[in-house]
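This document opens with one chain alone, in structure tokens, the form predicted alone.
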Amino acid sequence: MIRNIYKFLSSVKLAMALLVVILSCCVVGVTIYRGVEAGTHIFSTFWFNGLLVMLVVNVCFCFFPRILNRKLTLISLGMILFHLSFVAILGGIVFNSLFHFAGLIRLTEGETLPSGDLQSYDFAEQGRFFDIGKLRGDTTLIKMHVGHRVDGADKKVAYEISVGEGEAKKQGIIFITKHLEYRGFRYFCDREGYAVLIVLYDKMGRELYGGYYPLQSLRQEDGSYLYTTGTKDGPGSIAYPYDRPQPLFSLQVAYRPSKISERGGEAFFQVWPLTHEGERPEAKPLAEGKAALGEMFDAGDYYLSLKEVRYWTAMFVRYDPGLPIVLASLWVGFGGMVITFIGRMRRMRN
């Protein structure tokens, strides 16, 4: 039985079958599912990682018993290093698949969110054995810098962020070619936009409510951008105030930035009544118009004002514990190929 098991695990046919299945799964994962679904249904599953482990075992059983009885030469040493690196790469991939984390966290300037709370992320995808406790402390967006320059080079936009807790907290500036790393977690720039402070007043001018609302950046046919409430698919209204059990009305806000002042401009308001189901009726708005930044807009029973403009940013957070193993193994494999090439050249000369 042991001989039959060894024969099965060292079979070249098994290696070919495993490669075909694994490559087919990879093609499905990048063409059909993609993103979080690909990790959930394929790359983070036990059966897929089991296939990778079987391939590692197959490589070990196929190669190393055959090389052990040979005399150690440059050629055999290079081949050993190359196959060891192949095994280590697959092992690093399996390790990373089971313990990785990837998430998108969105913050407005001055906002702080707990890093270890999955509700802080627009989406999060993690390996089956990832410990959320590794995400310690908070993530803060201190400020977004427009026209950030490094050694005279324009980096367009940069995010000044702070991550971590206590004395171990780390602060830095990230931009398109630079990320921040904290305890193995890497923070990358993703995208940014405007967040506006919309304040509600009663007819006596007394402030009742205020909150920041992120706006969508919708590219228009002429190349310009429309900054408005809604979704990535188009403009839309929101229930206002959104964090109350009974919102007062449905509100759509669009912001036009000033060409003179970086955070100046004017706002366009449209107000609809809400139905009993909390939805906006398809009818003419109760009130609509525009007001400059800081001015009041008459919304019927209330006043609205766009008091302040800040930036929001979305940062991609990644934790790939298997990445150092994979990168180091690639260098070992490359070294093995070089050693094998040198050995073969020496043999040809002899």
Partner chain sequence: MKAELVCFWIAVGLYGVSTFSYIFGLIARQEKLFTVGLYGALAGFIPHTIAIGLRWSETGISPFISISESITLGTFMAVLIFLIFQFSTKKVRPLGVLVMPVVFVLIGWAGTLMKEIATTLAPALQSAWIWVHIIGASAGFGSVLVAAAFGLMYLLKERSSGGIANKLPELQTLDNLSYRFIAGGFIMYGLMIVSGAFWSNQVKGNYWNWDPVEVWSLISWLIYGIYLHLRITFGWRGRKLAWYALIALIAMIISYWGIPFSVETFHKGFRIEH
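Residue numbers count along the first chain shown, from 1. Quantities reported herein were computed from a predicted structural model and do not represent experimental measurements. Definition used throughout: the rigid core is the maximal C-alpha set that superposes within 1.5 Å between two forms.
Beyond the structure shown, there is the form predicted in complex with the partner chain, which is absent from this document and is the topic of what follows.
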Would F297 count as a contact of the partner chain in the predicted bound form, using a 4.5 angstroms cut-off between non-hydrogen atoms? no
Looking at the partner-bound form in the predicted bound form, is Y311 within 4.5 Å of the partner chain by any heavy atom? yes
I'd like to know if M1 sits close to the partner chain in the predicted bound form, meaning any non-hydrogen atom pair within 4.5 angstroms. no
Do N69 and the partner chain come within 4.5 Å of each other in the predicted bound form, heavy atoms counted? no
Would you confirm whether the three residues L9, D131 and Y213 all fall within 4.5 Å of the partner chain in the predicted bound form, going by non-hydrogen atoms? no
Thinking of the partner chain in the predicted bound form, which stretch from 120-128, 246-254, 202-210, 189-197 has heavy atoms inside 4.5 Å of it? 189-197
One residue of A239, L81, I173, V157 in contact with the partner chain, assessed in the predicted bound form (non-hydrogen atom, 4.5 angstroms): V157
L274, M144, L98, L104: which sits within 4.5 Å of the partner chain in the predicted bound form by any heavy atom? M144
Sequence-ordered residues of 42-67 touching the partner chain in the predicted bound form, heavy atom within 4.5 Å: F43, F48, L52
Could you check, with the core superposed, whether the Cα atom of C26 shifts 2 Å or more between the shown form and the other one? yes
Given a superposition on the rigid core, I'd like a yes or no on whether G50 shifts its C-alpha by 2 Å or more between the shown form and the other one. yes
Tell me, please, whether between the shown form and the other one the C-alpha of K290 is shifted by 2 Å or more, with the rigid core used for superposition. no
